[in-house]
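There is one chain below, alone, in structure tokens, taken in the form predicted alone.
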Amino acid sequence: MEREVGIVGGGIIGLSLARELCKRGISSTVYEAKRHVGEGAERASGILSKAGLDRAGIDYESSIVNELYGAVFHAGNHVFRIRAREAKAYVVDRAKLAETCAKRAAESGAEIRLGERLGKEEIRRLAESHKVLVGADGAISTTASTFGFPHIRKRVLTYKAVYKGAAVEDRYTVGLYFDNSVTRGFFGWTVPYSESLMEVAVGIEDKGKTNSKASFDRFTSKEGIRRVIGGGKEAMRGASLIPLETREKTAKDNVLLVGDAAGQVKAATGGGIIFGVGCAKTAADVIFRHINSGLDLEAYEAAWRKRYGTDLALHKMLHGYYSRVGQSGLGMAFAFMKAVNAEKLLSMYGDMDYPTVTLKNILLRSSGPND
């Protein structure tokens, strides 16, 4: 007997959706091409905000690798620092996080089929045999292409390596490096895992004959990055693809898209888990009402955009700004933010995921009584 909802893609988003559906009494089956839910997860970075994880309701404690208190932004010789008094984000083991999500989904009653590599014909048949089909199958979504959803035109190619024995100066701080001659349209970063284990990575916009490995090699040849790596020995390398915009349409007939497949990703940073899980919850609500009271599935489109669209648009604007201006322009921006005490304000009231929350916190603080 077929279950009510089919989910193509057994990553963190698809598994979270399956669990949310089960909590609402909706049966679902997850179809995942890989033979292990954590397979290949190490290719993507695992920085997630504590507030975002808590909002999303993800069980993340067992996957924490390191705590992060702040970030240092570099644009040439210009530097801008944010440092909180408590951990604002975690480096997580994405494979372990996916395994936990799979366990929770299975415990809730979801069926998870691994090693199910589906082509377009198989996906069409799933749409015919289920009340709802959801594509949670990443930025290059076979589900989206099968049903003719609008393309995602802007994407980022990333390339990362992890070094053992790196010269980690501060295990609680991330480094972000903006240099359009190397990290065109995005940025490079260093993420400490421990006192001696460091992730070094770069992202570039996917345009024509681009090569993220070549950009990575140029990035790691820079003096400051060589110093960070120190005498560290490479432990792994990997590449990934991140969408930089939402699809113009994410609901069609009985098919929905969530997560990277829908482009529900922060364009400023490339993070997609927090918003993806949030949109999965919205999808679960709409699917429940569709099955039980006949609500049109098109309601999903309006619902997730109303809830998350403004913040995603602000991330897109921020990405557009830093990808256009050079190092001197960012240097001027850093100087202005320092002049208005933004380093302290963002350290105290900043939210990695929701720019609207950051602005609200700062405005409420500035309009309140002075200390």
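Worth saying up front: this structure is predicted, and the values here are computed from it rather than measured. When you see a residue number, it is the position in the sequence shown, counting from 1.
What follows is about the form predicted in complex with a small molecule, which we do not show.
Interface residue remark: K34 is counted as part of the site for the small molecule in the model of the complex, having a heavy atom within 4.5 Å. Using a 4.5 angstroms limit between non-hydrogen atoms, L118 touches the small molecule in the model of the complex. In the model of the complex, none of the heavy atoms of G52 sits within 4.5 Å of a heavy atom of the small molecule. The shortest heavy atom separation between V5 and the small molecule in the model of the complex exceeds 4.5 Å. The partner is absent here, but in the model of the complex a heavy atom of I47, alone among A56, I47, L346, L312, sits within 4.5 Å of the small molecule. Just one of R155, H130, K281, R94 comes within 4.5 Å of the small molecule in the model of the complex, counting any heavy atom, and that one is R94. Stretch 138 to 146 is the contacting one of 174 to 182, 138 to 146, 223 to 231, 71 to 79, since its residues have non-hydrogen atoms within 4.5 Å of the small molecule in the model of the complex. For the three residues I12, S240 and D260, a heavy atom within 4.5 Å of the small molecule turns up in the model of the complex in every case.
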